[in-house]
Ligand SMILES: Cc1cc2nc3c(=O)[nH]c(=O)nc-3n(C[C@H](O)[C@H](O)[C@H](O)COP(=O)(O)OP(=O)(O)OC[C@H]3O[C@@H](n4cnc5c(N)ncnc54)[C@H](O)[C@@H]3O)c2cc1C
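Consider the single chain below, provided in structure tokens and representing the form predicted on its own.
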């Protein structure tokens, strides 16, 4: 499946919004999930196939060095009436694959992807909700907040580089939102966990959405399991990236890291 860039905008110094239309988005079927994601495919320069391609066919017919780089990104918004797909990209200059593409994307450019998939929606039976993450989780948290029922207490802690990286978030629920700003030193990796530890939890069952940098998320997950009494079923929790690792390096070790996170359940039990 593919779409073509309709427009782009810089919504913060580190985030670019890309809106896709056309292509074969008339076949796009959104899943019932606020963390819905698509698997993007970025061909290398000089790829021996066209801008519109089937990733599986490329893998079957071309050498590995020409295969597209794959990246998973949250669907920030899907407008079914206008057939517009919005994706927000975290960018760091011209480094990386997806962010660099978003920085240079122009109307008419093609983006090939597979999906969508996803599984999280704000739990309607929860007495209250907890949402925690950094810029990488911001699109999913923003979409999730928009789906929170009116009156539902929702505690949100978001990590970013400073006030200019904050965005307006809409929610019908009763939201207590705080942005946590990095300081640029070794303490940054504990800031989000400290913010969660400092929270006063409302009474009653909670459902949590906790996503972001691997070591930060592992700290928070362990705290929620060991100190707050949550179970794995009480949360959606996943490491999206890891500090000081490229996307490729992280993808190679992510399975083992997640398995180690699962062992934390036994350690905290």
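What you are looking at is a predicted structure, and each value in this text was computed from that prediction instead of being measured. Positions refer to the first chain, counted from 1.
The protein also exists as the form predicted together with the ligand; that form is not presented, and the subsequent description refers to it.
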Which is the contacting stretch out of 220 to 228, 236 to 244, 49 to 57, 23 to 31, given heavy atoms within 4.5 Å of the ligand in the model of the complex? 236 to 244
Can any non-hydrogen atom of residue 97 be found within 4.5 angstroms of the ligand in the model of the complex? yes
In the model of the complex, does residue 71 come within 4.5 Å of the ligand, counting heavy atoms only? yes
Residue 139 within 4.5 Å of the ligand in the model of the complex, heavy atoms: yes
The ligand contact at residue 90 in the model of the complex, heavy atom, 4.5 Å: yes
